[in-house]
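Okay, so here's just one chain, in structure tokens, the form predicted alone.
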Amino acid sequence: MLRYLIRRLMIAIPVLFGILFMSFMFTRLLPGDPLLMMMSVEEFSATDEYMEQRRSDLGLDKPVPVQYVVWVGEVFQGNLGTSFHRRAPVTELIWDRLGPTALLTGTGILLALIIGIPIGVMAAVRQNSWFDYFSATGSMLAISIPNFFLGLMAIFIFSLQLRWLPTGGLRTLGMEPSLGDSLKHLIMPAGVLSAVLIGPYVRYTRQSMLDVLRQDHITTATAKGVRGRSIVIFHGLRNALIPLTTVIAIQIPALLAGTVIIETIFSWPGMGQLVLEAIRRRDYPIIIGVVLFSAVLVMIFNLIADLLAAILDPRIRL
């Protein structure tokens, strides 16, 4: 297992540096000058010397390859740079927004797994039944409907019409933080996120279970008189979870940095809003810092998925 882990790390590290290099270069190709976007009205009449000094202070006067080398050197020292607009360390900004995004993403994925996996298993066991067709139709609807439409409909129904839930935010302003108030604000964004994820989870689980249930060891267990429920849970589901584990591991880091639409609709103060604001203001340190954070998460969770797959199916280690 240790050799398998080392081999995976040796593959992942060059990929990480390649992603960072391309992301850094493409970020610098974005239209718009970050210096102009962060200047006040009074500074627009500043002299050329002042502008060059500001550009030098931000490190934007050097060639892009030199900027990349300097940035990589700072990263190895644990420094992701300072935000152009917020004038704060990028590490602190990401850390402050990571908690709300992790809460939203974790709750959404957990709800989707609790609902999606049992439905997918039952659809596979009852193949070509009314339940199978119903779950397939519901999955296609969940995949097809955009998350921004689901979010707006949820706000319209549960906030504006029924007045059951708040329209957005992490907590009610002016009130003492409480678990009940936080749950009320979490229900709609987490519910919309889980609704988007349930469809793929149902389809992956169903297809994977069908593949496993057709294998020889399932036929042998059935011939030996093993109960159907034991076959499904202990023999089928364990192997069927292997591809689903990989899918979830890939989705988690992507969702942590990519819940821009849901966080914007529900005014959720997470990393999605931070990235969106950084793109609007051409705040290069935040953009590339989030890319680095996301790439590292992708590496870690892919490695976790590979290890879990090797544990669930020892043949993978060979």
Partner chain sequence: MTDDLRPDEQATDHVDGGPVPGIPPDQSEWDDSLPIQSPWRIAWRRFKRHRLAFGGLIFVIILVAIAILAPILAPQDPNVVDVSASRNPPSADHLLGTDSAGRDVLSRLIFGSRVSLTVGVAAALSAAGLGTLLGLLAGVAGGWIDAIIMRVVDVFLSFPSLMLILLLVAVLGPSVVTIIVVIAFFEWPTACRIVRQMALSIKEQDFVLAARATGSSRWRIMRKHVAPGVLSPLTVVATLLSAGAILLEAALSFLGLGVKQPQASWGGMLEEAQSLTILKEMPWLWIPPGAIIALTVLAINFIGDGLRDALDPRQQM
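Residue numbers count along the first chain shown, from 1. Just so it is clear, the structure is predicted and the values come from calculations on it, not from any experiment. C-alpha atoms forming the largest set that superposes within 1.5 Å between two forms make up the rigid core.
One more form of this protein exists, namely the form predicted in complex with its partner chain; it is left out here, but the text below deals with it.
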Inset, instruction - Could you spot which one of 304, 25, 15, 9 gets a heavy atom to within 4.5 Å of its partner chain in the predicted complex? - result: 15
Inset, instruction - Find the only residue in 64, 70, 36, 276 having a heavy atom within 4.5 Å of its partner chain in the predicted complex. - result: 276
Legend entry - All of 107, 111 and 158 with a heavy atom within 4.5 Å of its partner chain in the predicted complex: no
Legend entry - Options 76-84, 133-141, 181-189, 92-100; stretch whose heavy atom lies within 4.5 Å of its partner chain in the predicted complex: 133-141
Legend entry - 4.5 Å heavy atom contact, residue 118 to its partner chain in the predicted complex: no
Inset, instruction - Please run the contact check for residue 253 against its partner chain in the predicted complex: heavy atoms, 4.5 angstroms, yes or no? - result: yes
Inset, instruction - With heavy atoms only and a cut-off of 4.5 Å, decide whether residue 164 touches its partner chain in the predicted complex. - result: no
Inset, instruction - Although its partner chain is absent from this view, report whether residue 291 comes within 4.5 Å of it in the predicted complex, heavy atoms only. - result: yes
Inset, instruction - Between 73-93 and its partner chain in the predicted complex, list the residues on our side with a heavy atom within 4.5 Å. - result: none
Legend entry - residue 300 C-alpha relocation of at least 2 Å between the shown form and the other one, rigid core basis: no
Inset, instruction - Please check if residue 71 moves between the shown form and the other one, taking a CA shift of 2 Å or more relative to the superposed core as movement. - result: yes
Inset, instruction - Superpose the two forms on their rigid core, then report whether the C-alpha of residue 105 is displaced by 2 angstroms or more between the shown form and the other one. - result: no
Legend entry - Direction of C-alpha distance change in the predicted complex, residue 91 to residue 26 (at least 3 Å): closer
